[in-house]
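This document opens with one chain alone, in structure tokens, the form predicted alone.
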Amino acid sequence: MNAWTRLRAARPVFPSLAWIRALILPLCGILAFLLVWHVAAGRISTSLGQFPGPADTARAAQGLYVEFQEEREKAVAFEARQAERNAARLAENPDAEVSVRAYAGRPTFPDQIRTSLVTVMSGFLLASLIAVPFGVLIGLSSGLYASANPLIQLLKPVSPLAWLPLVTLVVSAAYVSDDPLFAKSYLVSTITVMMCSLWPSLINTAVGVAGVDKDLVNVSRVLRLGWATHVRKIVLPSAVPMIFTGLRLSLGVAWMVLIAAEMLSQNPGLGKFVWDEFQNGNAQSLGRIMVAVLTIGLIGLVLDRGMLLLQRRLSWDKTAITR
């Protein structure tokens, strides 16, 4: 090895390429998207007016934030008046019964986001509680897998738009209460999300369990591990990467299904927000809808990255975060 070769081998790699890949290239992609969006928006006219570009969407987002601030100020003022009124009643009569009511103002855009997140996580968790255990069972039994596979392939492609009327009728008939714990629209959206999002987790769990290394299975037999111990010590650790892949796909499906479910079931959330703005049909509706579209995409990205971080923490496959 000559001196020049030794010098090149000892010199640290210049980090410019890493910076380009991690920061510059994504920034260029975003700027190109904004440019194309700006040019295309200027050439599109709709029945509601000009299609909103980046600047119009930013102004719409600012307007939604102002509405949120105004509603929050109204809520604070309402609670202050209520507390003052109740204090005056108790001062006159310490035994008087006072009522505390929640502020009943219209939901703001952040309220819609929070409702959508609660609904999608409810449906996703229910789907996971069904899909992962059942996926383990059918992955361990070839006979059960052969029995369940036709049903899985039959129900997996069904659209949420097809499930929604059936779920609505069943919930309306079965969930009858004078003091319901949950709103029917919330249950309809949650169950629809669950029924459409459980299949990726179910299939990936079954494939991961069925693909456990035969040497590990033989070790389990030699040690005469019980069924529960075999699943806990051998099967689940080996199948964790595939299980998390299914959970990640299921969460993405759940988030997409939720928007359609909220639109049709009229459950408060981002889907209903988009539908209401479309029905309003005023000059600001397009900009507000674009804000909702970008918010939906951003939340979907955050949910996906969050699932990858969770996989990185719990799985032995530490390279999953780079995929």
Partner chain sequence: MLNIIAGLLTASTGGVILDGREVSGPGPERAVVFQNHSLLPWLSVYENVALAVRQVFRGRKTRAEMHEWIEHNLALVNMSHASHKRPHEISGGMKQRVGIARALAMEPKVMLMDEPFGALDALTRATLQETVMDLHARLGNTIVMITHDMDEAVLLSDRIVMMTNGPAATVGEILSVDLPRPRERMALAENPAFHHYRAEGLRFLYERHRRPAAA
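Predicted model, so just to flag it, every value in this text is computed and none were measured. Residue numbers count along the first chain shown, from 1. The term rigid core refers to the maximal set of C-alpha atoms that superpose within 1.5 Å between the two forms.
There is another form of the same protein, the form predicted together with its partner chain; it is not shown, and what comes next is about it.
Test of understanding: in the predicted complex, would Arg224 fall inside 4.5 Å of its partner chain by heavy atoms?
Taking the distances in the predicted complex, the answer for Arg224 is yes, it comes within 4.5 Å of its partner chain.
Given that its partner chain is not shown alongside this chain, does Pro237 nevertheless sit within 4.5 Å of it in the predicted complex, heavy atom to heavy atom?
Because a heavy atom of Pro237 falls inside 4.5 Å of its partner chain in the predicted complex, the answer is yes.
Taking any heavy atom pair closer than or equal to 4.5 Å as contact, tell me whether Lys184 reaches its partner chain in the predicted complex.
Heavy-atom contact with its partner chain at 4.5 Å: absent for Lys184.
Is Asn218 part of the interface with its partner chain in the predicted complex - any heavy atom within 4.5 Å?
It does: once its partner chain is placed as it appears in the predicted complex, Asn218 has a heavy atom within 4.5 Å of it.
Quick check on this chain: which one of Lys233, Arg85, Arg114, Lys74 has a heavy atom within 4.5 Å of its partner chain in the predicted complex?
The residue in contact is Lys233.
Pick the stretch from 120-128, 162-170, 208-216, 175-183 whose residues have a heavy atom within 4.5 Å of its partner chain in the predicted complex.
Going through the listed ranges, the match is 208-216.
For Ala228, decide whether the Cα shift between this form and the one not shown is 2 Å or greater, given a superposition on the rigid core.
Comparing forms between this form and the one not shown, the Ala228 CA shifts at least 2 Å.
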